[in-house]
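The chain that follows stands alone, in the form predicted alone, written as structure tokens.
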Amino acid sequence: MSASLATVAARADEPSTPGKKLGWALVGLGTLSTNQLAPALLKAKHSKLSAVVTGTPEKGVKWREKYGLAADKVYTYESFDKIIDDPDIDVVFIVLPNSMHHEFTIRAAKAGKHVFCEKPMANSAKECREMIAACEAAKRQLGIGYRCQFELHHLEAMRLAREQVFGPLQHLDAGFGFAIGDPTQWRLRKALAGGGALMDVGVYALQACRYLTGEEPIEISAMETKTDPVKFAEVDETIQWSMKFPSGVTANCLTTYGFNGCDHFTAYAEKGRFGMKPCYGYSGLTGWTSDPKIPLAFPQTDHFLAEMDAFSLAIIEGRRFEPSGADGLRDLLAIEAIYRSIASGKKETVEKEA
């Protein structure tokens, strides 16, 4: 196990704060909260489910019964701000449609709570900056749910790239997508989602290129394809884009709502290759390298458990958590450059963070 992986594993068993658990409130009780987040919190060492926020009274009743929550631990979107008086809530996890991340992050920060926000962080870089400012003003941490950065295969791939185990990186190829179903879902409404496949799953491929290189893209060229202009009238279906990084590394990426099977990255280096396929799902991830003596294989882990406990532990120990809001902002700056390139038909420069 690499030094970085050993550090992550050691933190998972950190005994310095035995029994200390931070209370989490889940805002939005959809599929992710129901099937992934709440079950993970039941297993967590440093986190626990303390409250929920929902716009559906029936869901509130079911969650109270299932998780033994008191009546005053079920908030509505209207009563959300009352969490300021709830000492059992330390962290608010925003699990809402993308367009609502900005509002509820700022409201949570004003209530004096740390914030963990699902990706994409917001629908624009401007909103990201305002979310960061609100949490900084409240002296509270803002973490973004980039779960792959806590998954062992991805961590080892980062080490292989950063330590140049196969020599300097030369090129990256990454993609993630699937055939989306229900045409009435919020992900196909621009006002709620901000975009289509790129905002939802393309961000994983973008992230992989960023955390493998350890750099931010400086130039992007992109093109969009639609096979169903009715279903995808408001958002993108398939986008291909190319990126150039300061070191000279290049990347080709793909995201889609049009077909299945796109779930990978390949890193081409001077002396070999490595990658993952499948790469971004919740389980069943598989890695490989061009050298059988340097395997990329680890046990499967609960990504959501890992990221939530890492956030709680950072707060308990007084450390800055990464990936923070700054990382979410960097993704949106690149995403906005992708959309600008599609609109202009030209190569676009990525706006700088500061």
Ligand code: NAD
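Given the structure is predicted, the values throughout are model-derived calculations rather than measurements. Residue indices: 1-based, along the sequence shown.
Omitted from view is the form predicted in complex with this ligand, to which the following refers.
Look at 93-101, 271-279, 150-158, 243-251: in the predicted bound form, residues with non-hydrogen atoms within 4.5 angstroms of this ligand sit in 93-101. Remark: residue 187 counts among the residues lining this ligand in the predicted bound form, judged by a heavy atom distance of 4.5 Å or less. Residue 29 belongs to the set of residues with a heavy atom inside 4.5 Å of this ligand in the predicted bound form. In the predicted bound form, at least one heavy atom of residue 200 sits within 4.5 Å of this ligand. Although the partner is absent from this view, residue 175 stays clear of this ligand in the predicted bound form, with no non-hydrogen atom inside 4.5 angstroms. Every residue in the set 120, 192 and 304 has a non-hydrogen atom no more than 4.5 Å from this ligand in the predicted bound form. Site annotation in the predicted bound form: the residue of 204, 232, 75, 166 reaching within 4.5 Å of this ligand with a heavy atom is 204.
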